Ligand SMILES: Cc1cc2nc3c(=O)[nH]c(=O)nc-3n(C[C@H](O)[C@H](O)[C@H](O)COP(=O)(O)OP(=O)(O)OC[C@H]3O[C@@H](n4cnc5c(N)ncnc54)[C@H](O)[C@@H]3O)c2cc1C
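Take a look at this one chain, the form predicted alone, written out in structure tokens.
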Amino acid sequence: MPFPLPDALASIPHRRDVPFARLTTLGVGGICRWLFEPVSVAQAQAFVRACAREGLAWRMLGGGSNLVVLGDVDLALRLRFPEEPRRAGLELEAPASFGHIKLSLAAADLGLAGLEYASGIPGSVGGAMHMNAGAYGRELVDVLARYQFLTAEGELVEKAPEPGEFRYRWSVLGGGRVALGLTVRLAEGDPDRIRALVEDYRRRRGTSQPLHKRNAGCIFKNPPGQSAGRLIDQAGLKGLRVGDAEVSPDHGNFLVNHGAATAAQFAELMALVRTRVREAHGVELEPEVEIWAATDMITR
């Protein structure tokens, strides 16, 4: 990246040389050489516009919970908006930097039903928008009323979701777009019953998933009509280990970091799992996590 920074970037809050081990739940990866953390839409817009104008490659970082970083990244953006959720009738508005689980809990406390499924899905609201996060047969688009984002050129857009913009673990919010926030439309409910369902979902995730180890959530998408975790289990891969990276004995679709896993070890383990499942079942697993490699950057 050119140095010194363009004036439009120098004024935006930023840090230098931050290890991705501190920025992701998995805890592998290299260094983020420049991490920009705007605290307002205006600052985020200035960042995107400056990068577009200068031809700078960058990455969008959320809560780091559905992300595998396999090298260094020169330039990343992570929103740090200070706003809290706001209720208007049955709608709840939240900024992209707000915690996804926190939003589910806030809805429960307000007696608003519809976000209980999200109570065990970590990361930020922006990450949930980007991946159309879901669990237990529900996903974000089911309750999404409106969403706000920046285009790759820095234009501010707010709109209702349209068919094709959100599907299984994918959304239109890629290719340099920046999710800024959303409004979900929920239903009136009894706070005690909603909180009980939230706690039930959290308990179920805690007993079936290796939350005691560093992980990035489910690594592979479920093939149509099948379970990736079951395919991995049936291929005898639980406990398969490369260095400190392991296929969790608790859940086959979780690859965990025992504390000192390297990016290379994690990449090798992912490749081994895909190969063994292909050989055993004739099924090609596709990553559900976002993977950052040095050769795959967002460019203008």
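A residue's number is simply how far along the shown sequence it sits, counting from 1. All figures in this text were calculated on a predicted structure; none of them were measured in a lab.
This protein has a second form, the form predicted together with the ligand, left out of what is shown; the following refers to that one.
Undergrad: What stretch, of 154 to 162, 192 to 200, 225 to 233, 113 to 121, brings heavy atoms to within 4.5 Å of the ligand in the model of the complex?
TA: It is the stretch 113 to 121.
Undergrad: Looking at the ligand in the model of the complex, do all three of G71, H258 and M270 come within 4.5 Å of it through at least one heavy atom?
TA: None of them does, since no heavy atom lies within 4.5 Å of the partner.
Undergrad: Of R80, R87, R205, K221, which one comes within 4.5 Å of the ligand in the model of the complex, counting heavy atoms only?
TA: Among R80, R87, R205, K221, a heavy atom within 4.5 Å of the ligand in the model of the complex occurs only for R205.
Undergrad: Within 4.5 Å, heavy atoms only: does N253 come near the ligand in the model of the complex?
TA: Looking in the model of the complex, residue contacts with the ligand do not include N253, since no heavy atom lies within 4.5 Å.
Undergrad: Using a 4.5 angstroms cut-off on non-hydrogen atoms, would G62 count as touching the ligand in the model of the complex?
TA: Yes.
Undergrad: I'd like to know whether T183 contacts the ligand in the model of the complex, with contact meaning heavy atoms within 4.5 angstroms.
TA: Judged by the heavy-atom cut-off of 4.5 Å, T183 is well away from the ligand in the model of the complex.
Undergrad: In the model of the complex, does A135 come within 4.5 Å of the ligand, counting heavy atoms only?
TA: Judged by the heavy-atom cut-off of 4.5 Å, A135 is in contact with the ligand in the model of the complex.
Undergrad: Using a 4.5 Å cut-off on any heavy atom, which residues of 210 to 241 would contact the ligand in the model of the complex?
TA: Heavy-atom contacts to the ligand in the model of the complex: L211, N215, A216, G217.
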